[in-house]
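Below sits a lone chain in structure tokens, taken as the form predicted alone.
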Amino acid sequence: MNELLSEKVEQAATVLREQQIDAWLTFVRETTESGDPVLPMILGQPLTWQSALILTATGRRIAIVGKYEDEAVRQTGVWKEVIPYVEGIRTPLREILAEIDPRRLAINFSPHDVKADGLSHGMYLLLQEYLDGTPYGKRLVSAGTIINRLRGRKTAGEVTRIRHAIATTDEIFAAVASFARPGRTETDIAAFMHEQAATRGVETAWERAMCPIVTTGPGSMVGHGVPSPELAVRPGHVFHLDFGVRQDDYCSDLQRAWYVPSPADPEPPAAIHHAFEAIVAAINAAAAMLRPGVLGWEVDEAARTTLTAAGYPSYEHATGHHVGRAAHDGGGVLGPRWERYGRTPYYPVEAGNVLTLELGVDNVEGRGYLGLEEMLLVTDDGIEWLSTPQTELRQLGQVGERPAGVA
């Protein structure tokens, strides 16, 4: 039995009872083409024909799947009632729902959380057609809060895997700090990091073309950009990386920064030091706010006001997000109350959440983007750092020095 699947499916019954929802239906088809984001968490394999995965508040686990996939679902050891069909799913689905008779039936749609919005409009219309003539079509509610809590409350097994991903990321950061030097292009550095990941048998945490995000000075793309074959590490600039790995299905997401010494400024200038210290202070202010029950926007506000009070502009993104099976794992954000974030800044933080704290200052003294990103676990009374926070501005080698072992 897949222990992580079992943990999450067991957890679902608790969440359903908390939300006073009788049953949760994940309704999918051809998931290799348009998979529901929740499927890896509760099943761990693709499905071809129309399939209904039903979890109830009483703990029942019912999978109605096409013939030829039923045995594979049984072998997960997680789904206890597996019902195969051949001609159509309508009849077995209606029969099971009549047996359960849910007053509230949750399905996977959400206007706010992409990870809870896996039911396509076409599948919704098909479901309504199948439920026509029953009371259940009018009892459908969003599974957004269920999925948010299920993804957000990391089990011990999930946290262990995330720790391993962070440790691997730290190893790669250490390796690239020896590889990177003036003249190395952003694409050189990205290729090196991809090789380091492959050597360790891991994948990048998000799209390979944009992971790592490499910035080497004021001309680099900031944010979700791609490394440049023309821009290179230069003395006197800030060298910055945003990178993570996916290891055993779980991700890391971290940012680190270095100053590149120059003959004119062998030590980081005061302006760079001041910005770095302001970023660390803002991250610490957010960390001090984090505890179960606090709202995401409150954490964001603590970080944002700390940075702006130090004389820097407000950054144009959220302070943090969930990390798990994806680098951006859905659910609430530690973000401002902006329209684009919908209701997600109002979601309360919960024990078991694994979150990032990330922010920075763009083009400090014309030397490039300076930013940091850390990862932490929310505990019953505060936080535990999962990453080792960067609290000192590192220097990238020495002027004119070629790191040992690097051609």
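Quick caveat: nothing in here was measured; it's all calculated off a predicted structure. In this text, residue numbers run from 1 along the sequence as written.
FYI, the form predicted in complex with another copy of the chain isn't displayed, but the following is about it.
Comment: another copy of the chain is not present in this chain, but in the predicted bound form one of Glu95, Glu207, Asp248, Asp132 has a heavy atom within 4.5 Å of it, namely Glu207. Between the options Ile100, Leu231, Ile83, Leu126, the residue in contact with another copy of the chain in the predicted bound form by a heavy atom within 4.5 angstroms is Leu126.
With a 4.5 Å cutoff on heavy atoms, Pro46 counts as touching another copy of the chain in the predicted bound form. Although the partner is absent here, Thr306 sits far enough away that none of its heavy atoms falls within 4.5 Å of another copy of the chain in the predicted bound form. None of the heavy atoms of Thr145 is located within 4.5 Å of another copy of the chain in the predicted bound form. Interface residue remark: Asp113 is counted as part of the site for another copy of the chain in the predicted bound form, having a heavy atom within 4.5 Å. Heavy atoms of no residue among Arg104, Thr379 and Glu384 are located within 4.5 Å of another copy of the chain in the predicted bound form. The stretch among 264-272, 164-172, 177-185, 104-112 whose residues place heavy atoms within 4.5 Å of another copy of the chain in the predicted bound form is 104-112. Along 38-70, residues Pro46, Thr48, Trp49, Gln50, Lys67, Tyr68, Glu69 each place a heavy atom within 4.5 Å of another copy of the chain in the predicted bound form.
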